[in-house]
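The chain below stands alone, shown as structure tokens; this is the form predicted alone.
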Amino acid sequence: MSQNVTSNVFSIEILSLADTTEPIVRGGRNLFSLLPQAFEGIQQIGVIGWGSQGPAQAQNLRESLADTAINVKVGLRENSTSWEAAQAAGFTEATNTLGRMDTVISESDMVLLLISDAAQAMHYEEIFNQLQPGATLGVSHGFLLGFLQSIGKTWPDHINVVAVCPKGMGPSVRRLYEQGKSINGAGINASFAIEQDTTGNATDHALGWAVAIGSPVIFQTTLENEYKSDIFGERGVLLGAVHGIVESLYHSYVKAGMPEAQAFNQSVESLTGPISKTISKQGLWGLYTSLSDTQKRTFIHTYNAAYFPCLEILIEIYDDVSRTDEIRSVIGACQRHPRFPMGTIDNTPMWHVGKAVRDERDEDAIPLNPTTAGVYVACMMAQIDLLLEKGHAFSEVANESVIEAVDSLNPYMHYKGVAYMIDNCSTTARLGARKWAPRFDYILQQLAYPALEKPDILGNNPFQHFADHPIHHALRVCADLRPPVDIALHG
């Protein structure tokens, strides 16, 4: 990845991660006064869509640019069911801040395309035709690039194409921005990419966008690396794998004789609670060192048993994403939705048990189960190793495999439930979790858990690799860059 990124507005800092260096930009409300300069020549920013990211980014941009002449206008399809929600958030036709999607695209100097991935694939040609020459097209996910690659198409040559990708879902982007009103730097970190710069100021537009939505630290990536790591990560540790892991652990604990409520505590509650919180504050190695000697032996044995089964599924996922097979799979599923709508996953007995457990939760009584921790960390490390093998930057690897999980997604899972999180994320992520979670569940029950009943025939090789891994240094550095407050889930 090039480190020659330059900005006429913001300071570029070189960050050392393990044995590598990466360029970053530090955000903060103290930089809001620079936004008119970053957005020079832009009179209107069109935010297209009102899904996960749309409401958060539109509101954050509006508030950050309140003292400027730049208009933030939401664009929605005619007869969109989100029209009233946008109005409730203060975007109206009367104030020229709400309009039809095609009109907003054609009249905006910068267009943030935040509609669903499938909708982008379906409507990309008309969207491209509506963009002004010299306009900046922004995306918060590289799905559209992957789709264009899959059909042999490319971007129009008369526009800039940039990406700003928050390392968390839209509600996190909004909540932490609001918390940042009293604590400068509170927000969700983001990555940025410059896919096409036809006007010479695409970098400043992207960085201005990231600063304006509240990102305290902005990492550089490429749009191709972003979509590969993001779609892969959703199917891996962030959603699909964690779903499969907790399902498999819960059922294995019940099979071993645990009461259902206890099994839920030892699997789901342990993972989304103390395990995630410990990783968030102390890192992966800090989690291990926090265990007792007996727990450490259990952790090592479980880690060794789970690492290679998880890696096997993760390699298959990455290959499918790289070949754009997953992208075609998402589009195909969306085309089938009129006939087979996507349901929820919260109707199995396990999730009913979970609701009862959360209703009576005592946070201090939730155990840090070393077996659960061993499986979860083994999967995280398998994902980390694969992404590094494929050439992804350390910051991207750390964010997609650890930080986004423990600081953004898992707190919501702990608050509302894993099933709720999966049922309320993007369509692309929901489909991926449903498709791949059963694969993790099955392979862990077939290969990993039976190995726990035997001597540790794998030896310490996988764990020794974990002990000496450079990701620990990268996570320590990234921990210093995390938002200064934890996300507020209530209110």
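From 1 onward, residues are counted along the sequence shown. Not measured: the values here are computed from a predicted model.
In what follows, reference is made to the form predicted in complex with another copy of the chain, a form of this protein that is not presented.
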Looking in the predicted complex, is another copy of the chain within 4.5 angstroms of a heavy atom from every one of G244, L311 and E389?
-> yes
Work out which of the listed stretches, 103-111, 277-285, 334-342, 203-211, brings a heavy atom within 4.5 angstroms of another copy of the chain in the predicted complex.
-> 334-342
Proximity of L34 to another copy of the chain in the predicted complex, heavy atoms at 4.5 Å | no
T348: touches another copy of the chain in the predicted complex, heavy atom cutoff 4.5 angstroms = yes
Answer for K255 alone: is it within 4.5 Å of another copy of the chain in the predicted complex, judged on heavy atom distances?
-> yes
Within a 4.5 Å heavy atom cut-off, is A437 in contact with another copy of the chain in the predicted complex?
-> yes
The unique member of A119, I315, V357, L148 whose heavy atoms fall within 4.5 Å of another copy of the chain in the predicted complex | I315
Of R361, H251, H123, R77, which residue is found within 4.5 angstroms of another copy of the chain in the predicted complex when only non-hydrogen atoms are counted?
-> H251
Taking another copy of the chain in the predicted complex, which residues along 311-329 bring a heavy atom to within 4.5 Å of it?
-> L311, E312, I315, E316, D319, R323, D325, R328, S329
